[in-house]
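Given next, in structure tokens, is a single chain: the form predicted alone.
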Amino acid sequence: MLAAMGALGLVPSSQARTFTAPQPGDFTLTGRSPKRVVILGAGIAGLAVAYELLKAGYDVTILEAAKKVGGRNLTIRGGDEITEIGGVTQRAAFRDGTYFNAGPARIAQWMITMDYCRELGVPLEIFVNSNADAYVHTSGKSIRLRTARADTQGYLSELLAKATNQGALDADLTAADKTDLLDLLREFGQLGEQLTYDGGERRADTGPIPSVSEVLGYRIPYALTWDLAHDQAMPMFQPVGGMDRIVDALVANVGRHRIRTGTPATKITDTGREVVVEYQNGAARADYCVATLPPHVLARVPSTLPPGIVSRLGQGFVLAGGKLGLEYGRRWWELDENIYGGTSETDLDIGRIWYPSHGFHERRGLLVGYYTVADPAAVYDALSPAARLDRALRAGEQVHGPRYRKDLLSAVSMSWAKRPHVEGMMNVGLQGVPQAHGRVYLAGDWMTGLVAWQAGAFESARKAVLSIHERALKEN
């Protein structure tokens, strides 16, 4: 059948001997091998393994349990159906052009994901991760981020200046140090001539300045500092048109004919000479196997993996996570509140509200009504989609007022704990699990220091590929 389809031009009739990426990256295998590799999972890790091995001549097959490729790299568009464990199904009613990144949504500039986007020719645009005009919502109040930061830095600077002038730091600072510190605090906190905080243009708020007690009572340190982290600092990026553009590019290079969807593995047997992966009504035989399934899911698949490894795979922490996409017919956050991208951090169970970083000044737009992890996510996971929406809208009204319910066109919620074949947003506490076990190799973000980032999946894929290739060349 394959030969006939090849003759008709429906599939390649032979393995390509050369490969040229649109913009070659910095990762290249030296030498070629015709070895067969079966990959479990068509998420980012699995697709990256296939992509790199194919360039070196390997015969690759991917078995994907779900009907859709991409794993947690999931972009939802109008007409897509999301069926949860238990059978609850949502159908996205988004209008043309609207999409919802239900999984990863941003890429840091230093991540290996950027290299693959360059190599694969995936166009990027800026993702506005932090916006001074967004809100911090705490203790029942919505405060512009720039105002909260100005007031916090101002009062901290004033207090430290007072302590310095009162001699509290004399044991730690020289006279010159004290002068330099006061100069720094004057600028850092925008202090007046008397080294007191009286507000300033950084607040961009003409309302009364709260007292130091009120500001300290906000209890918002995370909201003021999270975007300073190495993996959250601007600039950040996103693929134009949706995060799944990365998946599409990988699939185009791997070839859909090498991917079997709706094919969950039922048994993995390493005979010592080959690996046999069984699935319903069939089996795949290969020289090596790369398993990229979530570790707790892999632990339930009967296999010849060492019992100690299987036990460890099932003992990591699986964190729940969820997102809610809200499509509005009017971009009120831009028109009424001058918010263009970024997030509003809250002390509510919705966690945060994300505003879109594309389509500015268009008529419609989609914002993320909640992005929850761990316990808050479990609260929403326990609800029906309709109840999740209502709860999130009530919380959003506390941040934005009654307009939060107006002009709402459609909504879709994603519960990663209830996503078949995934069953969780991220796995933590498993770094250090050995990658190779006979002819079976493991790959996934959970094996790296970049858990829940696509960069971790790419990084682990490269490590598995290097290990396999080194072994294959010796066995050729």
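Numbering starts at 1 and follows the sequence shown. Here the structure is a predicted model, which means the values were calculated and not measured.
There is another form of this protein, the form predicted in complex with another copy of the chain, and it is not shown here; the text below is about that form.
Q: Tell me the stretch among 245 to 253, 142 to 150, 400 to 408, 79 to 87 that has any heavy atom within 4.5 angstroms of another copy of the chain in the predicted complex.
A: Comparing against another copy of the chain in the predicted complex, the contact stretch is 142 to 150.
Q: Would I339 count as a contact of another copy of the chain in the predicted complex, using a 4.5 angstroms cut-off between non-hydrogen atoms?
A: Flag for I339 set to yes.
Q: So in the predicted complex, does D375 come within 4.5 Å of another copy of the chain, heavy atom to heavy atom?
A: No, no contact at 4.5 Å.
Q: Is R312 one of the residues lying within 4.5 Å of another copy of the chain in the predicted complex, judged by heavy atom distances?
A: Although another copy of the chain is absent here, R312 would stay clear of it in the predicted complex, with no heavy atoms inside 4.5 Å.
Q: With the cut-off set at 4.5 Å between non-hydrogen atoms, does P221 touch another copy of the chain in the predicted complex?
A: Output for P221 is yes: heavy atoms within 4.5 Å of another copy of the chain.
Q: Could you tell me which one of Y279, F360, W332, F317 places a heavy atom within 4.5 Å of another copy of the chain in the predicted complex?
A: By the 4.5 Å criterion, the partner-contacting residue is F360.
Q: Scan D287, D133, D381, E327 and let me know which has any heavy atom within 4.5 Å of another copy of the chain in the predicted complex.
A: For this set of options, the contacting one is D133.
Q: Suppose contact means any heavy atom within 4.5 Å; which members of 141 to 177 contact another copy of the chain in the predicted complex?
A: Contacting residues: R146, R149, T152, Q153, L156, L159, L160, K162, A163, Q166, A168, L169, D172, L173, D177.
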